[in-house]
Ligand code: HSE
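Read the single chain below, which is given as C-alpha cells and is the form predicted on its own.
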C-alpha cells in the first residue's frame, strides 16, 4: 500500500473579537492542534488516535471535525485515496479558542499537501466550515478563517464566502486566559437573543467599523474604545465566573480592552507591547484564582502565518 505521512499545525483563534460577532476572528501563536495524516490507497478515512482529549471526542471520522474536513476534501477532488489521522489536541475542548476549527484546519492542510496542493490555502476554507457545522450546528468561519490563513479576518458574507484580511499594528499583543471550566458552543449560542434592538445594532455596527479603522490606521486608543460587545457579551458573561472583575483587572493593568474569546470561557485582551501584555495576563489569572478557578495564560503577537505543515 502506498503511504505518505504529513504533520500539520493549526493555531488557536479569537472568535468574534468582541464587537465582530460571527464576522471577525484573529489567529494567535499558541496553543494549537496538530494532525499527523497518513495518505493511503484504502479509500477510507479513519481516526487512528486522538491525544489530549481524555476520550471525549468522537473516533468516527464522519463525526470528528478533522475527519469530516478530509472526507469533504477527497469528495471535492473525486479521489479514491484514504487517510489515517492522528489528532493531537493541544487546545482545550469548549474553550472558546476555536478548538474544533483548529483540528479541521490542521487536517485539511495535511491532506492538501499529501496530494500535491491541488487547492490554494484560502480555497480550503469551505471544507473546514462543513466540519464546523458537524461540531456545533453552525457553519461559521470566524475561527476557521484566521486559523487557516492567519491574521485578523473579516467575514463579510458566507453565501457566497467573502473574507477580507485586515492589517494589524506591529506592537499589538494578544492575551488569552483559559480558566478550567468548559462552555459548549451550542450552549453559548442558546443563551443569545433571537433579535437585537435597533439601538444596540447601531452601537455594534459602529464599534465593528471603528475596530477595523483602528487596526488599519493604526490607532491603539480607537482599538480599545471599539472592543465593546452589546450583542453577545451581556448574555454570555454570566457563564464565566468573575467576568466583570476579570475584565476590570485587565484594563487596570493596561489592556486596551478585554472580552470573551469566541463563546468562552476563555477571555482575551489586546495590549500595546509585550511588557503590558505580560502584566495583564498575570492580573487576569489572579482574578480567576480569586473565584476559585485555575487557568492558563497565553501571550503572543497576532499570528499572521496561520496553519502550516511542520513535517
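Since this is a predicted model, take the numbers as computed values, not measurements. Numbering follows the first chain given and starts at 1.
The discussion below concerns the form predicted together with the ligand, not included here.
So in the model of the complex, are 16, 21 and 142 all sitting within 4.5 Å of the ligand, heavy atoms only?
-> Answer is yes for this spot.
Quick one: is residue 189 in contact with the ligand in the model of the complex, heavy atoms, 4.5 Å cut-off?
-> Looking in the model of the complex, residue contacts with the ligand include residue 189, since a heavy atom lies within 4.5 Å.
Taking the shortest heavy atom distance, is residue 263 within 4.5 Å of the ligand in the model of the complex?
-> Yes - in the model of the complex, heavy atoms of residue 263 and the ligand come within 4.5 Å of each other.
4.5 Å heavy atom contact, residue 178 and the ligand in the model of the complex | Residue-level check for residue 178: no, no contact with the ligand.
So which stretch, 255-263, 53-61, 241-249, 31-39, is the one near the ligand in the model of the complex (non-hydrogen atoms, 4.5 Å)?
-> Stretch 255-263 is the one.
For 284-298: residues with a non-hydrogen atom within 4.5 angstroms of the ligand in the model of the complex?
-> Stretch hits: zero.
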